[in-house]
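Single chain ahead, written as structure tokens, the form predicted alone.
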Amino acid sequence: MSSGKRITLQQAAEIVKNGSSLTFSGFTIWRRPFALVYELIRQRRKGLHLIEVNGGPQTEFLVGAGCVDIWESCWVGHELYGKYGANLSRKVGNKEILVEDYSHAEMLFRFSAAASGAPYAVTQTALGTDIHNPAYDTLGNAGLRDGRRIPKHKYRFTEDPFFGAGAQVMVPAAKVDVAILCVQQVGEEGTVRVNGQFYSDPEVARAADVTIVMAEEIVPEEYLRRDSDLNTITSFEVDHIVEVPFGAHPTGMFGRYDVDGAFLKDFYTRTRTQEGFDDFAKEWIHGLDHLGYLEKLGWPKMLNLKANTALKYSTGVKRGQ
């Protein structure tokens, strides 16, 4: 029986308010919730605080559109389709955005702590690096550490009191308002099944106050219960569900469709200036809904990206494109 969690893409975007902190599913160019990212841009969301295990194209789109004030993570880029985040770099250079830098492992530990209800994680990661230089405590130096949603400290040092392993770093739990996931299947009551690597999706879902799951398809819960060991996230951890086929494009959805490398290359090349980004957004985001976006891409292109059900990747896409 449905629990009434199903909403529209537009309603999902309205849950993310100006100034919200949010995070995403996936990894670099895989399973990013682009249909909802585009809708946030169309609704001209402002003042967002992104807290991400790792950045990717979704970061670059939101930053380029002027939606983001604060970004906490370790890295951003498009893998072989663009090695770094030109939009983020431009905004940082112009002092339009605050960046709080952690190591990749520290970001994952922060989400793991939040997912387990702990206030912080303890690690030796990044000891001796400038990540722990007080001069680079961006949010602290900006006077934004209120001890509520933003932790009072970026880190704290301690000594191992149990085994004498020496210096340790305490990093704060990643507290976020909204997590937006993009997956292959979600049940009518919110049970999530991710095919392939699920990355940090379980931690991300549990760390957020509100979890929105955007899926290629909504399926009966009874179907997912037949092989319950294959499910990734339980229904009670999900607040809202949205059915959006091809919702991860231009990133990939394992077993469904490949990464659209040509699209990402075009984005990377054209958006190194703000004028370039604005032109790109005018062409591909504003004035369209998700169906209009797919129609503009063209069904021959989408069918070319579609994965072979046996091989789990497209046999029509040339590697590296």
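Computed from a prediction, not measured in an experiment: that's the story for all the values here. Each residue number is its position in the shown sequence, starting from 1.
The same protein also has a form predicted together with a further copy of the same chain, omitted here; what follows describes it.
a further copy of the same chain contact at residue 185 in the predicted complex, heavy atom, 4.5 Å:
No, residue 185 sits far enough from a further copy of the same chain in the predicted complex that none of its heavy atoms falls within 4.5 Å.
Would you classify residue 175 as touching a further copy of the same chain in the predicted complex, given a 4.5 Å non-hydrogen atom cut-off?
Yes, residue 175 lies within 4.5 Å of a further copy of the same chain in the predicted complex.
Is residue 161 a contact residue for a further copy of the same chain in the predicted complex, using a 4.5 Å heavy atom cut-off?
Flag for residue 161 set to yes.
Is residue 147 part of the interface with a further copy of the same chain in the predicted complex - any heavy atom within 4.5 Å?
Yes.
Residue by residue through 110-125, which ones have a non-hydrogen atom no more than 4.5 angstroms from a further copy of the same chain in the predicted complex?
Heavy-atom contacts to a further copy of the same chain in the predicted complex: 116, 118, 119, 120, 122.
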